[in-house]
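One chain comes next, on its own, written as structure tokens: the form predicted alone.
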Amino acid sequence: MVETYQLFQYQSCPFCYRVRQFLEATGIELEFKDTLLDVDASRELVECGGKSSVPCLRIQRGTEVQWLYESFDIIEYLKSRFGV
């Protein structure tokens, strides 16, 4: 099944930076949602993901949505999905 991704993050977060660096190095493109600049993104993260921590990868498979926290977990997940 096809997955889509959104990365909830903000620019000055060092853990978000780690994930963005990985994405840049591998050429993986994701939609970013800045939780400091976008109130709706921040609200969605808390209401749907359960907490305000970033980075958080929103993974959607059909109607199923998974929220994945922790920079190293996000990187490992994306490595496995993109064969990096």
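Counting begins at 1, following the sequence as shown. Note that the coordinates shown come from a computational prediction; the quantities given were computed from them, not determined experimentally.
Below, we refer to the form predicted in complex with a small molecule, which is not included among the displayed structures.
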- Using the partner position in the model of the complex, report whether E76 sits within 4.5 Å of the small molecule, counting heavy atoms only. no
- Query: Wondering, does T26 line up within 4.5 Å of the small molecule in the model of the complex on heavy atoms?
  - Reply: no
- Task: Give a yes/no on whether V54 approaches the small molecule to within 4.5 Å in the model of the complex, heavy atoms considered.
- Result: yes
- Message: Contact with the small molecule in the model of the complex for W67, defined as at least one heavy atom pair within 4.5 Å: yes or no?
- Response: no
